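Below sits a lone chain in structure tokens, taken as the form predicted alone.
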Amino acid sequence: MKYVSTRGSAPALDFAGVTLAGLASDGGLYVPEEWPQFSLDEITAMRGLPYPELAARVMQPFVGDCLTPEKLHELTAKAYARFAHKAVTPLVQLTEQQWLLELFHGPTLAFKDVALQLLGLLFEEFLAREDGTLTIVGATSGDTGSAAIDAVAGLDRVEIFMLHPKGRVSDVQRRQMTTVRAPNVHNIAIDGSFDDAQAMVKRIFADESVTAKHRIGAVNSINWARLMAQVVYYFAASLQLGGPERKLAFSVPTGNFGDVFAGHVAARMGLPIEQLLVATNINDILHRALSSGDYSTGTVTPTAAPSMDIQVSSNFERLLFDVGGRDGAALAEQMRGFEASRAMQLTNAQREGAAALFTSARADEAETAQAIRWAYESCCETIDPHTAIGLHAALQAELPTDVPVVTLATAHPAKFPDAVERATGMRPTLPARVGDLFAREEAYTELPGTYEAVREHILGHAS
């Protein structure tokens, strides 16, 4: 399996190469040269497999010769052994049609654990083969940072610098990052938004003053290996609810587009999916792009769902490449225009290609609270505000009644207790496995929102 850049000019790499590289050298994102295909019989044969075995089966075509099936299964078994639920990503029924796919049973209580617990092991495996080291530079709107830090803390060959927007993540999200006291972990709070932090990370990858001294890697969903691991739970949900004979729809609370693009990958691989609902909050660039073709940024507005307070969705580039003819040179030109003007119109091919599977919806703060309240009062389920945005879209969707609609429950409600309490009157508590999170000492560096400050900090502190 070879991987190519969405912008067409970076060298093709194998799976190990893209895992360690993260962002392509031309600024693009890596995607498989072609999508692997499963027949309906092959998908049916996966029914009933334990999650680690299902994960290894779904991911093996992407791995190619870089890992044997036995080694990949060994890594998935180790990655998911730390999850609090034996099913790893269990389903919960709300109504005859509506379901939740709980993705928050990992060590940091968010869906990012499903991919990042595996990614940390992949880093360790591939770096050991070449006796190498990796300096990870990442940006987080909340959950990626804590999940990535948990996955790599204490590793000998990996060092991580994680940027978060100061004051724009929840207390739980921040503490899950800043209370990890490992020598290879560096937390940075910047003045600015997540989009500002993400732009800095992309600049680091292209900055020769940094890359000449350190091998830079990524844990954000720009890293293909992370996104690949998220494909698995679409298969898991489908197989439990009658697939592949029965089509499902999925509603995905979406900021950076990686989680819902994983559903697109599952469909490309042959999993029958009726529809992918892209659910956004009032930072609705993806809703505008999919509904009217207008991909233009606005001001980031802080909401009760901070992980979705994003105006530039990195993984959207992967979709535009895949549905727009896979023309890297044309997309590179289109993205250069966007990066200069912060606005662009999707081409007809891109709009039509996306419309074949995707639709979108937007929830404001009142609608988010209403969805939290509905789940609590009508279904005895407590959900976080991100999940509520997905549920709002699911409840508004005009789909046949015999099509199950699965909302991805992306975070434990106790990570956002204030929003849940405002909507329901009940304050959710952290699971016992999180321990004394609020008693631990925090450690992080505050920096101004300038690229130069961040670059100098990394150069001054990287081993």
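Since we're looking at a predicted model, the values are computed, not measured. In this text, residue numbers run from 1 along the sequence as written.
The next section is about a form of this same protein that is not shown, the form predicted in complex with a small molecule.
Trainee: In the predicted bound form, is there a heavy atom of the small molecule that lies within 4.5 Å of any heavy atom of Ala411, even though the partner is absent here?
Mentor: Output for Ala411 is yes: heavy atoms within 4.5 Å of the small molecule.
Trainee: May I ask you to check whether Ile188 falls inside a 4.5 Å heavy atom distance of the small molecule in the predicted bound form?
Mentor: Close contact is absent here: in the predicted bound form, Ile188 is far from the small molecule, nothing within 4.5 Å, heavy atoms only.
Trainee: Quick check on Gly255: any heavy atom within 4.5 Å of the small molecule in the predicted bound form?
Mentor: Flag for Gly255 set to yes.
Trainee: Can you tell me if Phe111 lies within 4.5 angstroms of the small molecule in the predicted bound form, counting non-hydrogen atoms only?
Mentor: Contact check for Phe111: yes, within 4.5 Å of the small molecule in the predicted bound form.
Trainee: Please tell me which of Met308, Leu100, Ala229, Leu320 lies within 4.5 Å of the small molecule in the predicted bound form, judged by heavy atoms.
Mentor: Contact with the small molecule in the predicted bound form is made by Met308 alone.
Trainee: So which of 40-48, 27-35, 403-411, 58-66 is the stretch with heavy atoms within 4.5 Å of the small molecule in the predicted bound form?
Mentor: In short, 403-411.
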